[in-house]
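This document opens with one chain alone, in structure tokens, the form predicted on its own.
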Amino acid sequence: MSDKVGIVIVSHSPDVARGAADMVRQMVGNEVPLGFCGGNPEGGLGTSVEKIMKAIEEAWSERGVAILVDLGGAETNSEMAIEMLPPDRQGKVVICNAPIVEGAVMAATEAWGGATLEDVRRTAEELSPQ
């Protein structure tokens, strides 16, 4: 179990999710728990609640998990995935209102430094247009 906040990347595109995750790994290595998913169950563009839940499990940390999403459907399905988690985990997962690639890299960098879940979210969201 990691002592770092976990990061989840959810994109409508499997390639975008994988690419953003690759950037995170290149920036912070393997110390930050990381999960990612993209595409619908058939492999096309879209998102899947089941894939998001699996990515949350891969990135799980008792310190919490920050989710970065690319479009509205990814956010909606991420919210549904959070609601399906056990009650004791729901409050430890947040969705960041941030650009997916830049936000994931900044969130992971903050997590790598030992920041709290709220600090990770705040850092990622500082990148959002006002």
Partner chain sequence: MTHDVGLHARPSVKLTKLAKGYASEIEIAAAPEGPWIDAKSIVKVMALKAKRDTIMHVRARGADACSAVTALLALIEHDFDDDHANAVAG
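All values reported here derive from a predicted model rather than from experimental measurement. Residue numbers count along the first chain shown, from 1.
Another form exists, predicted in complex with the partner chain; not displayed. Remarks below refer to it.
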**Request:** Would you check, heavy atoms only and a 4.5 Å threshold, whether Q90 touches the partner chain in the predicted bound form?
**Result:** no
**Prompt:** Taking heavy atoms only, is V49 within 4.5 angstroms of the partner chain in the predicted bound form?
**Reply:** no
**Asked** Can V28 be called a contact residue for the partner chain in the predicted bound form at 4.5 Å between heavy atoms?
**Response** yes
**Message:** Test of understanding: in the predicted bound form, would G113 fall inside 4.5 Å of the partner chain by heavy atoms?
**Reply:** yes
**Item:** Listed range touching the partner chain, judged in the predicted bound form by heavy atoms within 4.5 Å, from 33-41, 100-108, 50-58, 77-85
**Value:** 100-108
